[in-house]
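Take a look at this single chain in structure tokens; it is the form predicted on its own.
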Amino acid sequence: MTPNITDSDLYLNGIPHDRLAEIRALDGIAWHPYGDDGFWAVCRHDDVKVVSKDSDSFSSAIGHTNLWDLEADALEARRSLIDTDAPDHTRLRRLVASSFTPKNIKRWEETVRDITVELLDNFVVAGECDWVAMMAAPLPIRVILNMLGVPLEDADYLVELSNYLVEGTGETQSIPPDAFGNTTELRLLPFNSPASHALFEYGMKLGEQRRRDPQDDLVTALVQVEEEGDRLGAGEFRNLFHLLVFAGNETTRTALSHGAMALAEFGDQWERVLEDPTLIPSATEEILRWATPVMHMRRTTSRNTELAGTAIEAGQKVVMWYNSANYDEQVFNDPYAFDVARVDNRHFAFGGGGPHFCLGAFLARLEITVLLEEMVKRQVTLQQVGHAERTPSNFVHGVLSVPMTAG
């Protein structure tokens, strides 16, 4: 029997590496029961890469990227950039990709550094405190809100909404269906959460403001973007704003949380960086591999196909487990060791390549790199002084809180 890897409570103690390794060792692709049906669990690095690049056979649009199934009206209502195939995906990506090129992300480095310095200095002065609350949560949300043009005073509200979205990937939700004035059926909302309604409303309001009063920010760029007469529709803008706030906040927050925990646990590795700051780029990549913020993504086969010698019928779910691929013994030497000097680090923290490679990859790398640079300048050494509270989710490898102090 295939080991269960979908129970959210499994992740309260971290990634279930033993179960994922057992699946990797099986011949072919393993069938994993789930709900009334199941899915093919793609856990090896090479197989994840194949699925990621073959969007003709493995569709993001047919059933979207969630483990569970959605009705036809829910599929259309919830469809965002990550839930499309060519030609729709090509069109949407073309309209927004220019804002996320390395050159355009680089122009935000001073903003990232200013925010990082302020937060890091406050953390050092505070003594023992929650790293998530003081660093990992506010850094990425303040950066993405600054880029989008969202007022700083709304940051806490959007962090709250993002937290509720992560909660929606688990088994229960702590807020009622009508929270935030929601009147939409939850099945029509991303993450089945009324927080998605609130985020949609906020994004649409800000978009209307920028149409009337353009600013030098990302929301203005998105509402004004046009190519060969093509523009983002209202629903497309709404869903893209939702995606940017969630992905630009939660995934980097998760990487920063696990990165801090790793640097505290493996102090010898941080000493290597302090002694040789040229290791910061490779340390950044190792943090991303180690954290694997988004642990899986689903595809659905558009036709009969074969993967690793396993016949897969059209219409079946195929789920890529990045948290397994990033620890594949066939690709990573000593994968369970945190190694800041790891070379040829072909991790899938941003997906397995192909058309859905994460738009925010360059921004996430910039934020982690700047934080490490500023920690080196101050010779900050982290110490974890209590247990981490993890998110009960099989989708986001989240950390709700972790007490830290600067040594």
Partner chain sequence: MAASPDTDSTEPEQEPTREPSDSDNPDQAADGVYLAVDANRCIGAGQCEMLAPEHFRVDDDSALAEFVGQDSLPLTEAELLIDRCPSGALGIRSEIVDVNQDGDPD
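Bear in mind that the values here come from a model prediction, so they are computed numbers and not experimental data. Residue numbers count along the first chain shown, from 1.
The same protein also has a form predicted in complex with the partner chain, omitted here; what follows describes it.
Novice: Among Q209, N104, T310, Q173, which has any heavy atom within 4.5 Å of the partner chain in the predicted complex?
Specialist: Contact residue from the list: N104.
Novice: Of R272, R113, R187, R93, which one comes within 4.5 Å of the partner chain in the predicted complex, counting heavy atoms only?
Specialist: Selected residue: R93.
Novice: Given the stretches 259-267, 275-283, 320-328, 124-132, which is the single one in contact with the partner chain in the predicted complex, using a heavy atom cutoff of 4.5 Å?
Specialist: So the stretch in question is 275-283.
Novice: Q224 versus the partner chain, in the predicted complex: is there a non-hydrogen atom within 4.5 Å?
Specialist: Result no; Q224 lies far from the partner chain in the predicted complex.
Novice: Taking the shortest heavy atom distance, is N345 within 4.5 Å of the partner chain in the predicted complex?
Specialist: Answer yes; at least one heavy atom of N345 falls within 4.5 Å of the partner chain in the predicted complex.
Novice: Taking the partner chain as it sits in the predicted complex, is T183 near enough to touch it, meaning that at least one heavy atom pair lies within 4.5 angstroms?
Specialist: No, no contact at 4.5 Å.
Novice: Examine F357 and determine whether its closest non-hydrogen atom to the partner chain in the predicted complex is within 4.5 angstroms.
Specialist: Looking in the predicted complex, residue contacts with the partner chain include F357, since a heavy atom lies within 4.5 Å.
Novice: Taking heavy atoms and a 4.5 Å limit, what residues of 129-166 are near the partner chain in the predicted complex?
Specialist: Residues within 4.5 Å: none in this stretch.
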